[in-house]
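Here's a solo chain for you in structure tokens, the form predicted alone.
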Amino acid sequence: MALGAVAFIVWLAVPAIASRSIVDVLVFTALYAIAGLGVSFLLGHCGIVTLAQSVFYGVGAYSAAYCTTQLGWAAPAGFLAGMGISAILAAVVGWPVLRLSGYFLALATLALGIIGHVLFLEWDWLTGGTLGIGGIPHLELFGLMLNTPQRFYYLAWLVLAIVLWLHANLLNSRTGVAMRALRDAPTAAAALGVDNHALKAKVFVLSAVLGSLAGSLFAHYVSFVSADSFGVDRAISFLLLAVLGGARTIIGPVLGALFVTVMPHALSTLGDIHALLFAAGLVVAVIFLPDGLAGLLQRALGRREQA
């Protein structure tokens, strides 16, 4: 309890004591964690590897951008439009694709990610193509314009906290039990009445909605979106943070997002070698932390309680 209180106080104080660049990185940490949580749902609790999250991240961003700059809609409408489109797209595409498994499923989702990126580039009448869409208005909350990293920081992390709370509730529900049964013993789950394919499709839709939500927040934060932000490398980052953090844990995506955002920022002061050092850090983490950063944290807290 005391550790949680200290963490909360530190979280509140970060915008006041940290530099603008660090707060900016932490905003992206929250956004990536929201999108990565959708990947963690699929990987950690259903055993599904997806490399298509960048598509839904882009759909959310472009929906927010187009609805506010071209249609003149309020920001919440853009959020809802993006999540609705992502949910429909995930349901239509996911139903046949999720009949695959293993490497074939991973390759199929990778193909979806590549197709999505190409469409973001080619549909310039909608996305602006290589020029992107600018002039996206900043969000306003209770009359306060969220036009600085310090202000947006609280919104991004509050949304992340709500999503994590919903995640925890879902995992403790009957659906969560069915998801874990699907992951560990799909044949037994089917024998007990679980519709494995329908459950996969539902979780895939939920993952897409989280990706879209993060994308919409991203668009309003940076006020500009282009296809460069939604390539396959972004999808790999979302999968990477889920694996590094610990896909079977609730806090794992947050720890993974901290690793993939804060670590490159910290190493960038070392010059061109920082990319090599970051890659080496990834290799070390994958080899020595099979349960992810969350597993390491749990073991550390367990030893602390025993001491």
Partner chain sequence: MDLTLLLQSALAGLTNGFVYALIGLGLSVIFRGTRIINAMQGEFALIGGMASYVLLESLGVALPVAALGGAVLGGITGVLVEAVLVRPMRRRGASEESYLLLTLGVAFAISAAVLYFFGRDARLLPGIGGEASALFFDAAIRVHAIWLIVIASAVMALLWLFYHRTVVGLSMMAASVDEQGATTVGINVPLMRTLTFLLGGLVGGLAGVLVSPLITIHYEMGLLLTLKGFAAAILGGLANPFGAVVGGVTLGLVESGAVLYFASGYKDVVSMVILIVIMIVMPNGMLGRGARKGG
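For the two forms, the rigid core is made up of the largest set of C-alpha atoms that agree within 1.5 Å on superposition. This structure is a prediction, so every number in the text was calculated from the model and none was measured. Numbering follows the first chain given and starts at 1.
Not pictured, yet referred to below: the form predicted together with the partner chain.
Novice: Classify Ile287 as contacting or not contacting the partner chain in the model of the complex by the rule of any non-hydrogen atom within 4.5 angstroms, answering yes or no.
Specialist: Output for Ile287 is yes: heavy atoms within 4.5 Å of the partner chain.
Novice: Examine Glu122 and determine whether its closest non-hydrogen atom to the partner chain in the model of the complex is within 4.5 angstroms.
Specialist: Flag for Glu122 set to yes.
Novice: Is Leu112 a contact residue for the partner chain in the model of the complex, using a 4.5 Å heavy atom cut-off?
Specialist: Yes, Leu112 is a contact residue.
Novice: Please check if Ile250 has a heavy atom lying within 4.5 Å of any heavy atom of the partner chain in the model of the complex.
Specialist: Ile250: no, not in contact with the partner chain in the model of the complex.
Novice: Taking the partner chain in the model of the complex, which residues of 232 to 249 have any heavy atom within 4.5 Å of it?
Specialist: Contacts from 232 to 249: Val232, Ile236, Leu239, Val243.
Novice: Note yes or no: does the Cα of Val262 move by 2 Å or more between the shown form and the other one after the core is superposed?
Specialist: No, its C-alpha moves less than 2 Å.
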